[in-house]
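We begin with a single chain expressed as structure tokens, specifically the form predicted alone.
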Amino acid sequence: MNAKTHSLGRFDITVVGGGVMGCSTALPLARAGLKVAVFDRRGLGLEASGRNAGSLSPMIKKSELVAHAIEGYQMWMSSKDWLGADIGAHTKPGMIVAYNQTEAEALERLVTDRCANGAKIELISGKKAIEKEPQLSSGITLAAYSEVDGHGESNRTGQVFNIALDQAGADIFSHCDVQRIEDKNGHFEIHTDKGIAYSTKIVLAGGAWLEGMASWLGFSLTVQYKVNQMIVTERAPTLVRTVLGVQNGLLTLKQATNGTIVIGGGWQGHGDLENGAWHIEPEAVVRNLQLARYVIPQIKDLRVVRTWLGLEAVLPDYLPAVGAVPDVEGAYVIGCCRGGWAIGPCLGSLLADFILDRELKLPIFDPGRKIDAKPFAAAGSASKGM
């Protein structure tokens, strides 16, 4: 029997995509007693879920996602309880700074909107911001401050979910490339480079690759993506006490417990769906570092240790797809959410509850909704292949 006809088994539900959203969906399903399989062409948590900056900030999420972000924050902070392993999440205050009147007005609107949806944020003066974050540069017009923020070690995502899913009895197929899915009116055939799996239900959780996956089932989903580029410095004494951002969206800063500073923001690298995130953009690195140095001047004395990239997928309205695939019985989709690592555990648990016909504590986001929005354009983007 060759690989094309070799049976990989029969399952109650199969999740295609081993990122945080796919794994967070699979885990409660396996714990509910279903026979679950998770497929990933590389391995769990090795794409965007393991390549992001690990921010857990509810205050920078879209208003419709604030409650989900708060729930995701609480889940990551208690990861040892529900995963059985610590993701290394740490509570820190969050701050967004504005340097001119235009940015300040935009920040005021952001805070009003987020607070109306449950976020706990206050506006503080530039002077007060520097009291809370002493290494900040002068010239701050206004700042937003929240005690509900923090970050986690996203590079451990695959490790902790491998352990949790294995203990729950799920079958994990790493380095197994799903090439197509066929709907057989009662079950699905998952065709891979290692053989065929058979499943009563299917969950598509492919992140930036979700548009192609949806097309296997005849479902049109417009997925756009950007190539996030991050930088980490050498270890340093305490320079950044908060999870720090700039209102224009071009900078995030956080200092890990080991003293390294992780720098992210709107400046983009290069990548495509065939090769993934594959090319650092040197000019973007320089601009990101220049802005970081402007906000925290002492960063200029630190050496850059490495940079890395990851694809972040979004839908045109910047809200995720979580729910049933229209007109395909037993098929579901989850993904395409900015800040998806932070919100992923919440969205995954909601989809699992939806599949298990349990009451939902928060709303989900119909993949078949009408989406009428402008094309995606990342600030500071140097990305190709969007």
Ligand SMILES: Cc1cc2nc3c(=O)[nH]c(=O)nc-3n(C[C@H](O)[C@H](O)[C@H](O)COP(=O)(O)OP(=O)(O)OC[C@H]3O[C@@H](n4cnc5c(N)ncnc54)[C@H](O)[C@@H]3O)c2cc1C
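Start at 1 and count along the sequence shown; that's the residue number. Worth saying up front: this structure is predicted, and the values here are computed from it rather than measured.
Omitted here: the form predicted in complex with this ligand. The next part is about that form.
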property	result
Location of this ligand contact in the model of the complex, chosen stretch of 206 to 214, 160 to 168, 127 to 135, 102 to 110 [non-hydrogen atom, 4.5 Å]	206 to 214
Check all three, 41, 52 and 340, heavy atom within 4.5 Å of this ligand in the model of the complex	yes
Residue contact check: residue 242 to this ligand in the model of the complex, 4.5 Å heavy atom	no
Exercise: residue 147 in contact with this ligand in the model of the complex, heavy atom 4.5 Å	no
4.5 Å heavy atom contact, residue 72 to this ligand in the model of the complex	no
This ligand contact in the model of the complex: residue 221, any heavy atom under 4.5 Å	no
In the model of the complex, the residue from 121, 230, 291, 246 that sits within 4.5 Å of this ligand by heavy atoms	230
Those residues of 11 to 26 which, in the model of the complex, come within 4.5 Å of this ligand by heavy atom	16, 17, 18, 19, 20, 21, 22
